[in-house]
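Coming up is one lone chain in structure tokens, specifically the form predicted on its own.
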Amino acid sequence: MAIIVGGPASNNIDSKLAEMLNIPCVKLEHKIFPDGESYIRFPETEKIMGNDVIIVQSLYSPQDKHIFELLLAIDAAKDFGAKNIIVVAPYLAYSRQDRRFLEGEPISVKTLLKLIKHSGAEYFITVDIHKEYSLEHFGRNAYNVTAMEEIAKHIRENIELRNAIVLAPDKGALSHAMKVAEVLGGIEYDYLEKKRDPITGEIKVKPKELPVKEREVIIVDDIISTGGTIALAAKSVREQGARKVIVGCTHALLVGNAREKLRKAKIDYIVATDTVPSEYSKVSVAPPIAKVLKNILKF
């Protein structure tokens, strides 16, 4: 038997997974003590013993608080006799700190994945991790699923597309653009190149090869954090004559004045997923996660 356990930052993905898999779901009790320390509690410990326990906890801000709640839940589930612990972290904090940029730095995503592993997780699932090779730090049984198919379906069902093109904001996100273009019927896709004016220092971006004039331009990426890259990309394709600008991302962190940057960029439509709660979270990542869980649980 398997059971879903929803952490304080599960964002209702736990309930959606439980419904799709037709298994029980329980919510962790949680609170913050007056001194700031975290408290969690399994309300039905008898459901843990001898069962596969799927702990759902996204690691968005305040990420350190959500990380520690997850570690407490994993350790407690182990104490209460869980057969296997499967961690589902739809948004993985620290994923952009995947290498040493300066001498003396830790590889922060490695530290986090080791903590999750050594706390007792046998399996780990995340969504559109910044660099997939980071999962090597967890070892075997780590899975990265993509939300790009769900984002593409949403765009197809909600926006009239006549002559669309999908763009990635840089070459590193080209695989996302390729997946969205495939779901939308094999339309054209490309990535944007950044160029700095040697005199003014102004940065401009443009598609590497394909024109955007009088077309619907769909810009997709894994994360929108401060919004600077997406805003610059949207502004650039607007200046090149794009008829409509649509933005899709998995994790809408929207830090600082990101919303204002996006508003000024005159983007027509923004869609994100429920890995991070936001006003743009119109798509759920539960379906692709459920597929992986079915394979793990041999449903």
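Just so we're clear, the structure is a prediction, and the values are computed from it rather than from any experiment. Just count from 1 along the sequence shown to find any residue number.
The discussion below concerns the form predicted together with another copy of the chain, not included here.
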| property | result |
| --- | --- |
| Candidate stretches 231-239, 32-40, 244-252, 266-274, one within 4.5 Å of another copy of the chain in the predicted bound form by heavy atom | 32-40 |
| Leu174, Ala93, Val145, Ile187 - the one with a heavy atom within 4.5 Å of another copy of the chain in the predicted bound form | Ala93 |
| Contacting member of Lys131, Arg100, Arg156, Lys213, with respect to another copy of the chain in the predicted bound form [4.5 Å, heavy atom] | Arg100 |
| Check all three, Tyr123, Asn163 and Lys282, heavy atom within 4.5 Å of another copy of the chain in the predicted bound form | no |
| 4.5 Å heavy atom contact, Leu135 and another copy of the chain in the predicted bound form | no |
| Exercise: Pro106 in contact with another copy of the chain in the predicted bound form, heavy atom 4.5 Å | yes |
| Ile86, heavy atom within 4.5 angstroms of another copy of the chain in the predicted bound form | no |
| 4.5 Å heavy atom contact, Glu193 and another copy of the chain in the predicted bound form | no |
| Heavy atom contacts to another copy of the chain in the predicted bound form at 4.5 Å, residues of 62-88 in sequence order | Gln63, Asp64, Lys65, Ile67, Phe68, Leu71, Leu72, Asp75, Ala76, Asp79, Phe80 |
